[in-house]
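Next up: a single chain in structure tokens, the form predicted alone.
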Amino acid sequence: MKKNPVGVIGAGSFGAAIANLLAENGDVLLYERNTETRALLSRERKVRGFDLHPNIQMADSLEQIASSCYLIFPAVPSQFFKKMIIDFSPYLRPDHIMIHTTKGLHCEFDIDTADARTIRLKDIKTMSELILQETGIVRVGSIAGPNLALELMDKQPAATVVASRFDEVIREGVEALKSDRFQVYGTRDILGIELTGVLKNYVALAAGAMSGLGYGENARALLITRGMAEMIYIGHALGADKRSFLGMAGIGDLIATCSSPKSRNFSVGYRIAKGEKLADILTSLGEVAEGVRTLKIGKLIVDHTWVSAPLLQTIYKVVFEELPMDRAVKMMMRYPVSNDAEYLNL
């Protein structure tokens, strides 16, 4: 990593934030697929009003990233990830290390028409599984944590978790990212870390909706706590270790995204509670809110596995079936829970 620039794919808010963090420790090549946006970034060197670090240079192609960089961080929304990795694959080598930042899942079927009774869980893939499936890269990792992009761009203190089955991936990720304002932890439970980053998105939607109705901190604490329990049950059904949900990438990220208007998913839920239509909200955002996609995939998973997930089921009805949020809150409050932290027995 110290001998080569680090590559970043995707120049949205989070891609730019990661690029700036990496640039504090060395040179960075940043690739943006949209040629007009790429030219604008080269000229103005700003993303969402924040400056790009002087150590960042714009790359002209994926081939340039692959030939120049040993360590690569894709920061692409989940719905575009497979196309990106297929386009990238002819240039990638087995000696590359790839650590993705995408908090989403990919489905090998149409999530809008799929039947939960007939889907196969193996057709729902994490981004690391897609990388392994579509490229010759072996050493793959993921990062997740309380990493709100705008706060990272504003150089506020934060932390993240680098997950991989390979120690050298964790080591390279830590060395590339760590700084006086950014702590980096490591773990081998890559599946758990990827799922924490995905599943917290729908809980953040619910938190935003409750905030939009004027509910306070007691309600938010209840939502976060029971939301984490649901995340653990769903993750357990998919083979993840519950300990990943109790650390920085789990409860840490959940608290951040359920408490901040800077979270896109929180903002979507808030605006739904205020009466805006989902299509209008998504159009005005200008960036992807992964929670909407997570809701669709999550519902297929819980319907298929029969995992108890009343929060997910209820917020799904709010977002896609126009269930009023005040009625949704009453439904969730009536759901029986006899033991606290019962998920620790899994």
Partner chain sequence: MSGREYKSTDYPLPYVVEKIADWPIARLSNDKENFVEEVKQRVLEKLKTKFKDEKSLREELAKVLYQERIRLTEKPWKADPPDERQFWNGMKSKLIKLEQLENKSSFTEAEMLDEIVDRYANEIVGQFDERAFGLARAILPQFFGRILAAAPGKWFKTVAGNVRTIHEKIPITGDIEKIRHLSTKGTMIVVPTHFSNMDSIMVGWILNELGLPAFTYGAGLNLFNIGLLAYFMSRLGAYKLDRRKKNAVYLETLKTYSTVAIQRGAHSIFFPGGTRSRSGQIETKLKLGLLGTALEAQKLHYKNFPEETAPKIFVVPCIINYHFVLEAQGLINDYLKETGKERFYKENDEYSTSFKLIRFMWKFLSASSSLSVSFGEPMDVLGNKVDGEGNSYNHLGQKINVKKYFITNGELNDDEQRDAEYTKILGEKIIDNYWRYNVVLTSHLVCFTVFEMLKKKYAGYDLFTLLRTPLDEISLPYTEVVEKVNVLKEKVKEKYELGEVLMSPELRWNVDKIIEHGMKNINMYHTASPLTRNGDTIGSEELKLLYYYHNRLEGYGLEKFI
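Residue numbers count along the first chain shown, from 1. Everything numeric in this text was worked out from a predicted model, so none of it was measured.
The discussion below concerns the form predicted in complex with its partner chain, not included here.
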Could you tell me which of 244-252, 216-224, 195-203, 133-141 sits within 4.5 Å of its partner chain in the predicted complex, going by non-hydrogen atoms? 133-141
With the partner absent here, would 13, 46 and 80 each sit within 4.5 Å of its partner chain in the predicted complex, counting heavy atoms only? no
Exactly one residue in 180, 154, 167, 110 has a non-hydrogen atom within 4.5 Å of its partner chain in the predicted complex; which is it? 167
Using a 4.5 Å cut on heavy atoms, which of 97, 119, 148, 272 is close to its partner chain in the predicted complex? 97
Quick one: does residue 90 come within 4.5 Å of its partner chain in the predicted complex, counting heavy atoms only? yes
Is residue 70 near its partner chain? Define near as a heavy atom within 4.5 Å, in the predicted complex. yes
Could you confirm whether residue 188 comes within 4.5 Å of its partner chain in the predicted complex, counting heavy atoms only? yes
Using a 4.5 Å heavy atom cut-off, state whether residue 172 contacts its partner chain in the predicted complex. yes
